[in-house]
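Shown below, as structure tokens, is a lone chain in the form predicted on its own; questions about how it binds or moves come after it.
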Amino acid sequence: MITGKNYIGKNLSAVGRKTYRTFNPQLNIENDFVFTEATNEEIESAVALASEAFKVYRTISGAEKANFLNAIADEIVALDNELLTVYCSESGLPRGRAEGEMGRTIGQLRAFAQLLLEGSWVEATIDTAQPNRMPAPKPDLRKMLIPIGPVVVFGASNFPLAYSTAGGDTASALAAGCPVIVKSHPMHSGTGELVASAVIKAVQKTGMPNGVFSNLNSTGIEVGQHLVKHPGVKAVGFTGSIAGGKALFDLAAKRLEPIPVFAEMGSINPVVILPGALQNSYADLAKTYAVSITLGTGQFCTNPGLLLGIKGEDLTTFVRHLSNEILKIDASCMLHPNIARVYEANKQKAIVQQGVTVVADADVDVKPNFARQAVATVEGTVFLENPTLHQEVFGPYSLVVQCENIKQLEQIISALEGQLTGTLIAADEEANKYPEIILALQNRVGRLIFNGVPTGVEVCPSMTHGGPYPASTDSRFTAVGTNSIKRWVRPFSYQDWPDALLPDALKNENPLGISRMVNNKPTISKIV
């Protein structure tokens, strides 16, 4: 049941006067539910509860936290049709997408639960004492990862489930031992409240401390700003625009105690098509990339917004086929009227740049909030000289850059800002001829795809979803996969500490049975 209220820990609250509704972009009308924005007092209460909860939650065993995460997953499953219906009404996305994202959200929670049950993620490292070492004795030192404190998670507009209320940021922070305060995205507050209710039910069923989770509504930037500046908050997770992520990053850096902001931001995900790949497969590539560019109405952070190739007849043929294929695809609904307006504005800004030629533009009547897909092309020299063409157009749009030669192609790649992904399309053995292109891509992206498409992010330990700035604010970390837990922890060492007072992960007996590094050797054995 949607109340429109904020969850301050386990309690519902709506003392503020500022209210709003979500919007159904498919029907082009407001939804019925009215939501109340969190007040400063409610924000203060949520952070105070989170700080108190942290004192207890940080000491809870991995098995208990795993039970909690699995309980959240179970409660989301129980929401079933109600959640899917609200999701679709607030996003304009089809039910199949809702079902897939719900499955991914549940899968992420269970993956972190499994990580906790296994336990080795804490990276326990032990160097035993050498009291007789000369010229000075060596102390006993034991290190592991510990949680950093309450985390604020900003819901993402384009993933109402997987990157929002109980998405990857929340799941990984809770797994790490950090309470979470979600700043719900105003475009899908109903979806957020339903998921928040599932989390709170799991809190109560598993006996977690009150305040380990809160969910706050807002329409503007004030609630988020208040949270980021609050001294009780110790880290931030964000998925969204470069402007939004950078604003939060700068705000956190100005605090008396600066905190990390792990922001996954914009990306145009360059796709390099080497000459040999075009000779016999341009038609198949065109079909594949027409689908990828328009998938989810182009509203993926991994959308292929930039295609790079060597000027010539084969590239010209590919562009012609791509143009034909993308125009065969029906226009689809964007997430919100504001996003649709920004897409059209940014697309127009890009295609009116000098030297840009539009080769495909769906010049047809579409319903309100539906996007007209487009492909444009430009010479490599023009692209290099115009930074405007390097910027993301969030939606079903891609720019084909026709490079003079391999040297210019490498130059263009090196001139790009940091990206989430890069893709190399090559014929058999062709990639071996261009190591400089591979190295240039590696220097600009977090994940490199071979003969595929960048859309689609597998949730697994080997996934890196991040990249050099501004793809993310810290390229050493991933926002997807179980390794994303490392954003919310810090290394901590115990020196000459009594064994009985050590955490189980560092005790001589190794009661958890986890893999540890003992005197530079990996082992699960106890220390005798």
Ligand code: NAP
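Numbers for residues come from their place in the sequence shown, where the first is 1. Small disclaimer: the values here were computed from a predicted structure and weren't measured.
One more form of this protein should be noted, the form predicted together with the named molecule, which is absent from this view; the next part is about it.
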With a 4.5 Å heavy atom cut-off to the named molecule in the predicted complex, the contacting stretch among 389 to 397, 444 to 452, 71 to 79, 131 to 139 is 389 to 397
Students should find that, of Met102, Cys88, Ile148, Ile339, the residue having a non-hydrogen atom no more than 4.5 angstroms from the named molecule in the predicted complex is Ile339
Check each of Ser281, Ser120, Gln225, Ser414 and return the one that places a heavy atom within 4.5 angstroms of the named molecule in the predicted complex.
Gln225
So, a 4.5 angstroms cut-off on heavy atom distances: do all three of Tyr289, Glu325 and Thr423 pass it with respect to the named molecule in the predicted complex?
no
Hey, in the predicted complex, does Ala176 get a heavy atom within 4.5 angstroms of the named molecule?
no
is_contact(Ala431, the named molecule) in the predicted complex, heavy atom dist at most 4.5 Å:
no
Quick check on Met265: any heavy atom within 4.5 Å of the named molecule in the predicted complex?
yes
Contact of Ala247 with the named molecule in the predicted complex (heavy atom, 4.5 Å):
yes
So which residues in 231 to 249, when you check the named molecule in the predicted complex, have a heavy atom no farther than 4.5 Å from it?
Phe238, Thr239, Gly240, Ser241, Gly244, Ala247, Leu248
